[in-house]
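This document opens with one chain alone, in structure tokens, the form predicted on its own.
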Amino acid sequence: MAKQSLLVGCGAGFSGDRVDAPGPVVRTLAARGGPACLMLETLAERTLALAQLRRLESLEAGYEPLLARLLAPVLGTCLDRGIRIVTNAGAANPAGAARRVQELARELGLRPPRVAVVAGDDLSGAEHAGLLAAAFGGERRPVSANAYLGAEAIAKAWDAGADLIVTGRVADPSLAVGPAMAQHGWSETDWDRLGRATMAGHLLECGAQVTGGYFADPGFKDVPELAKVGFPVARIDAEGDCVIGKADATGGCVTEATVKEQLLYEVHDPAAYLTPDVTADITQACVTETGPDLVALDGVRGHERPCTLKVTAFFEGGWFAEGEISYAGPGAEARARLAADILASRLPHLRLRADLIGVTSLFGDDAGRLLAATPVGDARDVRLRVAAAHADLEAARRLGEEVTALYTCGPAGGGGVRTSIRPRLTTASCFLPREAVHARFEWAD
């Protein structure tokens, strides 16, 4: 007898996503019945760097700050209805996240969940020191390093009966591939099926991006009820093909266009989308609307996975300082530019980046060439944002002090000053042999 398709609903697409999003997704999974999984994707390179900083401050920190708020409204339903939860909210501290889930279940009066922790991504120990030194140079010692794991440990935890699986750094699509791999009994070399499931996970991983959120552009690409945008739900069959829709009774839309945009998102080579599980090939993919807010994806192929794993390392980067001040009315843009020039003159020890929000601020232009090349205009509502990084805390603090002094030291009419300073991590990536990384799962208790 053919196994039932797996329903995977995504209730979070990044750290900071809406905490009320999992509710409609779980209600939809429960109403449709059958094997189901709630996927919470909350991790990115920047997110992991911030998590590492929090872990340096407290050994119990370093996981997704919104974890309890995401889970509290739905954990009871998931445990009662057999809806498994898979999340990378563990970030820099998966074991700490697992303990928080167990604590949350006690607070809510729920049965103790079986929580599995996927380990092996943290390469900060002595075992990998030599490999990292060779990859990054012996003089650069990382604060931490994390490998992008795949789906295998997730699948094993699923097979072992975990109610909730917490990971650190895994490839985003693997959060869906692992449950599908276990549900359908695929092997780790079933390349076509793994490739198809990978692209299903890719459609899900950014939450509301595929249901109209990142798609919306008024007058050009209109999306209904965007304030109530629903998060995606995919049905993944035994061949890995999927039909993607969204949570019931929600806004947004799922169309050929929304799916195509997300399918191509962050894919550098459509013939070779590299993940730890498979090399996915979407050059022959077919996207077809099968009903209202339902789109089928098929035609995806899979090829042998890479023999290496990507590793992201974090290095101490000194201090990052920012300051902002607003100017309005006639001559506002000229006054904001003058303020930037004053700061540059008074802070020669800092390499400043100055942006005029509302004029030019969106591009990677740390050298300031774009601002210098843009003629002075007549913008009447401008916010100057200045930032700098420096190894010395006191040197970096000067930026906030000088921005604050602009209140009365000129130019005229500045207001709404905000300043901040925080420790900074820099990142670099490399590839290590797959056999050097040992992925596994452990029970939280």
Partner chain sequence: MPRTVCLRELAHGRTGDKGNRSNISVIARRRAHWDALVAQVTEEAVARALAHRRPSRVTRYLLPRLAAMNFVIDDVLDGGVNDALNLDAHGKALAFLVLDLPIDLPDHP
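Between two forms, the rigid core is the largest collection of C-alphas that superpose within 1.5 Å. Positions refer to the first chain, counted from 1. Here the structure is a predicted model, which is why all the values come from computation and not from measurement.
There is another form of the same protein, the form predicted in complex with its partner chain; it is not shown, and what comes next is about it.
K.L.:
Identify which of Gln183, Asn146, Gln209, Thr87 has a heavy atom within 4.5 Å of its partner chain in the model of the complex; exactly one of them does.
P.N.:
Spelling it out, the residue with a heavy atom inside the cut-off is Gln209.
K.L.:
Sort through Leu294, Ala285, Leu226, Ala340 and report the residue having a heavy atom within 4.5 Å of its partner chain in the model of the complex.
P.N.:
Exactly one residue meets the criterion: Ala285.
K.L.:
Hey, in the model of the complex, is Ala388 touching its partner chain, heavy atoms inside 4.5 Å?
P.N.:
It does: once its partner chain is placed as it appears in the model of the complex, Ala388 has a heavy atom within 4.5 Å of it.
K.L.:
Is Leu370 a contact residue for its partner chain in the model of the complex, using a 4.5 Å heavy atom cut-off?
P.N.:
Yes, Leu370 lies within 4.5 Å of its partner chain in the model of the complex.
K.L.:
How about Gly161: is it within 4.5 Å of its partner chain in the model of the complex, going by heavy atoms?
P.N.:
It does not: once its partner chain is placed as it appears in the model of the complex, Gly161 has no heavy atom within 4.5 Å of it.
K.L.:
Since only the chain is shown here, I'm wondering whether Gln262 would be in contact with its partner chain in the model of the complex (any heavy atom pair within 4.5 Å).
P.N.:
Because a heavy atom of Gln262 falls inside 4.5 Å of its partner chain in the model of the complex, the answer is yes.
K.L.:
Among the candidate stretches 246-254, 150-158, 232-240, 351-359, which one is within 4.5 Å of its partner chain in the model of the complex when only heavy atoms are counted?
P.N.:
In the other structure, the partner sits against 351-359.
K.L.:
For its partner chain, considered in the model of the complex: do all three of Gly213, Lys221 and Glu266 come within 4.5 Å of it, counting heavy atoms only?
P.N.:
Looking in the model of the complex, the three residues Gly213, Lys221 and Glu266 all sit within 4.5 Å of its partner chain (heavy atoms).
K.L.:
What residues, if any, in 422-443 have a non-hydrogen atom within 4.5 angstroms of its partner chain in the model of the complex?
P.N.:
Read in sequence order, the residues that approach its partner chain (within 4.5 Å, in the model of the complex) are Arg424, Leu425, Thr426, Thr427.
K.L.:
Ala30: after superposing the rigid core, is there a C-alpha shift of 2 Å or more between this form and the one not shown?
P.N.:
It does not reach a 2 Å shift.
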